Every structure is written in structure tokens, then in C-alpha cells.
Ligand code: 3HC
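So this first bit is one chain, no partners, the form predicted on its own, shown in C-alpha cells.
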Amino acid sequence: MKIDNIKKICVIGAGNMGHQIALCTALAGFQVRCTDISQDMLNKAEDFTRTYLPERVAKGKIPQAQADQALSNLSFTQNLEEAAGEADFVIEAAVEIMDIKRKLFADLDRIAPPHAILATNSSFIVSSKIADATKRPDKVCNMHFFNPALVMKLVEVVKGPHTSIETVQVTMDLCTKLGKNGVLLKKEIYGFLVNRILSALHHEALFLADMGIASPEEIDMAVTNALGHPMGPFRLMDFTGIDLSYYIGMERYRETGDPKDKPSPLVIEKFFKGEYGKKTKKGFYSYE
């Protein structure tokens, strides 16, 4: 299969990442169906689309015809069979919990056409832990977008030991079609490229805050002013979701059994308070 054979794309998950990935692919001219188990999430995703496109047109960022075509290309449904039944390429952007992803990929293997590539947007879980839930492991890979997906140019494509060269090539070509810069990881590694580097920074920042050495706000100020980062680690966690940090840490701890892989006490506290960051109006900062 080649990139020219990709006409219909299914995106699973209508959260912060999923709905932006779906809109990104619709803007690139693909027919896209975005699915989620939550109708409320789908409604919010559709509302975002109907607000975002006119704003981009008004700012002169895209022509009206492209906005109209993207709106026509994109649809939302709770029905997984309807979303994936005719898909040539599936991008899974569900919660970072292994059991959920394995169940999804087993369902997708049954529902999607035999030629369809099944990609996971997971930022930490390598596809070899999911591929054996399907009968098409050669068509399974990681395709990791960055948040916000409509803005960030980088996409990490990870070739697992099971992934075919053809799958990798089509996925890299899809990145180009979406206007993204695809970087190919030729071997699987936990956290891929960017998040391995970012995790080291976040681990130290959380340690300093947990020990009471400095507040999250002070650490963010130090990182932005001294290191030149556009955003400090705590503000960034608010934007990506503190719940995501919790789930990633717990999945890693379940895998390794090493206590140092558990989420930070601060992350655990915020998670159980339901303070996930910007999406809940409160995290390390307030967004009321």
C-alpha cells in the first residue's frame, strides 16, 4: 500500500489530542471520522471545529474553500464500527491505559479493512505491547503527535520489530501530507525521543517541588528565564493534563514494579482532587 491509497482516516478519541488530529487530517483533504465513547466529548469536539475554522479564515490563515471542505470531510460518531469500518488508516488517541488500548486494537482488527494501518498516538506505550492483540502486527506502529496537534509540527513514528517497512513509509508519507515533520525511530524505546528528554526535566522539577525546595511557580520561572523554555514544566503539565502524567506513571510502575516510577506525590494529589490542569480549570495554576 502507498500513501495515495489512503483516503479515509479514523481517529479514536475526541479529547484534546484526538479532535485536533482529526481536524488536522480533515484540513489535509482526507475523509475523517472521529469516534469516542463519550457523546459529550464528541459534542465539544464538533463545537471546537465549528469555532476554529471560521477563526482561521477570519485571520487569513486558510481560505474559506479549505475550511468548508474540512468541515465536510469531518464527522463524529460514538459507533466504532461506523468510524473504522471503511478506514484505510486508524489513529488511536485514547487514554494511556494498556488494557484499554489492547481491547481497542483487538476490536479494530476485527472491524477495519484488512489493508488498514493501525497506529497508536501513545506517547510512551510502544506498539509491540499492543500489536499482538491483532492479526496484522506488520500494520501496527506508533504515530505520536504533540499537543496541540494543529500547531506542533513534529510527529514521532516508531518502527517496532513487528512493523513492516511499507507501514513505516506510508506513515511517514502521511506526516508529510499533514504538513508535519516526521522523525523515524528505527527501534522502540520507552518515551521515544522528546518525552525521554522532557521526562528527565519533569522528574527533577517534581522532586524539587515535592521536597519543598521551591514552588511550582518558582521552578517554572527559573526554567523559562534561565533556560529559555517557552513554558515551565508545571505549566506544561497543566496543558497536557496532569491525569495523563498520572496514568503514564502508573502504567510504567505496573510494568517495572520500581517505586521510583510511581507518579510524584504532587501529581497523585492533583489527580485525586480532579485538578487535571487547564481542561478542569485548575491544576498547578488556576484557569477560572
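All residue numbers refer to positions in the sequence shown, first residue = 1. All of these numbers come straight from a predicted model, not from anything done at the bench.
If you look for the form predicted in complex with the named molecule, you will not find it shown, but the lines that follow are about it.
Participant: Does at least one non-hydrogen atom of Met152 fall within 4.5 angstroms of the named molecule in the predicted complex?
Facilitator: Heavy-atom contact with the named molecule at 4.5 Å: present for Met152.
Participant: State yes or no: in the predicted complex, is some non-hydrogen atom of Leu53 no more than 4.5 angstroms from a non-hydrogen atom of the named molecule?
Facilitator: Contact with the named molecule, no.
Participant: Phe239: heavy atom within 4.5 Å of the named molecule in the predicted complex?
Facilitator: Looking in the predicted complex, residue contacts with the named molecule include Phe239, since a heavy atom lies within 4.5 Å.
Participant: So in the predicted complex, does Gly228 come within 4.5 Å of the named molecule, heavy atom to heavy atom?
Facilitator: Output for Gly228 is no: heavy atoms all beyond 4.5 Å of the named molecule.
Participant: Given a 4.5 Å cut-off on heavy atoms, tell me which of 72-80, 182-190, 138-146, 85-93 is the interface stretch with the named molecule in the predicted complex.
Facilitator: Stretch 138-146 is the one.
Participant: Since the partner isn't included here, can you check whether the named molecule sits close to all of Gln20, Lys59 and Leu198 in the predicted complex (heavy atom within 4.5 Å for each)?
Facilitator: Per the other structure, all of Gln20, Lys59 and Leu198 touch the named molecule.
Participant: In the predicted complex, which of the listed residues (Leu27, Leu244, Ala45, Val32) lies with a heavy atom within 4.5 Å of the named molecule?
Facilitator: Checked against the cut-off, the match is Leu244.
Participant: Could you list the residues in 75-102 that come within 4.5 Å of the named molecule in the predicted complex, counting only heavy atoms and keeping sequence order?
Facilitator: Not one residue comes within 4.5 Å of the partner.
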